[in-house]
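Okay, so here's just one chain, in structure tokens, the form predicted on its own.
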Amino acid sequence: MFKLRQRRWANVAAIYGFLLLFSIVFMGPFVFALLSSIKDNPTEWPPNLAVNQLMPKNWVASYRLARQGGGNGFTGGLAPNRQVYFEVSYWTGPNQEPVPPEVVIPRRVPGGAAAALKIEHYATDYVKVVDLRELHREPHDGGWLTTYGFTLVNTGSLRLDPVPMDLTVPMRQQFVSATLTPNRIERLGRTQGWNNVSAGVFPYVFYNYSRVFQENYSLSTGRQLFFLWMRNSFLLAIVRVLTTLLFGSMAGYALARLEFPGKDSIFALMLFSMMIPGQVTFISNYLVLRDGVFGLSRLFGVSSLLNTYSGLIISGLVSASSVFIMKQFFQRLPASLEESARIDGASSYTIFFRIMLPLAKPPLGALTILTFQSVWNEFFWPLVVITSPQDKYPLTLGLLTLRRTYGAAAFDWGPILAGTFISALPIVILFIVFQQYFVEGISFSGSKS
């Protein structure tokens, strides 16, 4: 009995161990992408999972610096006539005299040229460095550990955000620690740089995420583009989900429960269309939209459906796979439901909307996830249909714009990873909400009455 119980627990442990390994393999890249989107240098090699933005000591330091500057501890800022106090420590060898760092408030512009046009005031024009002095010196590792302190003062009448800072020391004078961990160390360790010394907790931790929203804006309207891209993708996805659920369920019910001439041929043609790659029908679909669906759009005063949301929606109004899933589900339901309703005088529309459709929550939930994910991640077809302006782009084309802005020349992958991670969140949330219906709907779609 004891051996049987021991074997059972061993099997359970093996199953859970396999599931844990399986989750690590599949969730590992997702977690690594999240950590990389927060890091200052996501392309560092070898990769390092230690992220300065996730260290509690830096949260406390960024909160205190923002409070000293007269701003909110979580959102930051350096108010007029306010100041922040900063300390930094360096190690020097026994035969080298420690030299105070050169403190510079640079005229730094994150992002591309569009971000530079948006900046009206630079911190370097108003912030002064005062009272730079050596605080103490003590023996350390055969050399000297020297700590310096200084104060940054906003002498202007404007609230400043961000306040970047660079410290530079001679060669062989090694940086050890500071009030706030620097965002980068350059020039063989001589220069330590901070993106914003009074950022506050949230802008410090989610620096790349704030850049995605703040640095990308429309030159014509001045509106923030990332919000527009998300809104456009949500609009297209929601409309396509509604049309797919409505037309897919109606067509599936008709093919499963109604009798009419050519039903089997229509279903066979639909299955055949599912086997054709989209690249085969790409040119013909493009010509249909270019001509306004065989000229029918001219009845509404529109000569072409290219570069319009109507073209994207009409070209994907309903998919053959959605009709197939709904047909398989409706075939599984017992015929007695319809027979009893028809005895009571119900029409086909009444039976469908009041009896069949309420029972179809599992496949409808599965279709909601599949359709939303398909539209949300669709890239090639929107790239062909939507050309300009950037305000009309869905999120996938917006991420391509981020790639051109940050990755092509600047090699600044932080905002790109941040935007990519944001784009994945709606799919994850949607799957968590509808996962029960998703599993049930897929299982029902493969069954037959």
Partner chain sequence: MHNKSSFRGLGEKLAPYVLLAPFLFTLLVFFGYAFVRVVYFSFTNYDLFSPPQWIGFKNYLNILKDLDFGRALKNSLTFMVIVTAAQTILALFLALLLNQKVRGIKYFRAAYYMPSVTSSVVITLIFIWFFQRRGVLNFLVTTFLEYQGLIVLFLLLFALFQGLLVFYEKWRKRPVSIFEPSFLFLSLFISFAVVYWGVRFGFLAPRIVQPVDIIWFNTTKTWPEFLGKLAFPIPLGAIMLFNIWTTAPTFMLLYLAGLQDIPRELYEAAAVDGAENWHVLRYIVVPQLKPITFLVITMGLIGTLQMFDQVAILGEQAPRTSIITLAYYIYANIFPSSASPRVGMASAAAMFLALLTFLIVYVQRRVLGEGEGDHV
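Each form is matched to the other, and the largest set of C-alpha atoms that superpose within 1.5 Å is called the rigid core. Positions refer to the first chain, counted from 1. All values derive from a computational prediction rather than experimental measurement.
Quick note: we don't show the form predicted together with its partner chain, though the next part is all about it.
Residues placing heavy atoms within 4.5 Å of its partner chain in the predicted bound form fall in a single listed stretch, namely 280-288, out of 123-131, 217-225, 153-161, 280-288.
Proximity to its partner chain in the predicted bound form, defined as a heavy atom within 4.5 Å, holds among Ser348, Asn72, Asn81, Asn307 only for Ser348. Of the residues Trp91, Phe202, Phe213, Phe352, just one reaches its partner chain in the predicted bound form with a heavy atom at 4.5 Å or closer; this is Phe352. Its partner chain is not drawn, but in the predicted bound form it has no heavy atom within 4.5 Å of Val60. Interface residue remark: Pro389 is not counted as part of the site for its partner chain in the predicted bound form, having no heavy atom within 4.5 Å. When its partner chain is considered in the predicted bound form, Val323 lines it closely, a heavy atom lying within 4.5 Å. For the chain shown alone, Gln373 is a contact residue for its partner chain in the predicted bound form, at least one non-hydrogen atom being within 4.5 angstroms. Scanning 25-44 for heavy atoms within 4.5 Å of its partner chain in the predicted bound form gives Val25, Phe26, Met27, Pro29, Phe30, Phe32, Ala33, Ser36, Pro42, Thr43 in sequence order. Taking the rigid core as fixed, one finds a CA shift for Val60 smaller than 2 Å between this form and the one not shown. Core-superposed comparison between this form and the one not shown: the C-alpha position of Leu246 differs by less than 2 Å. In the core-superposed comparison between this form and the one not shown, Gly278 has its Cα shifted by less than 2 Å.
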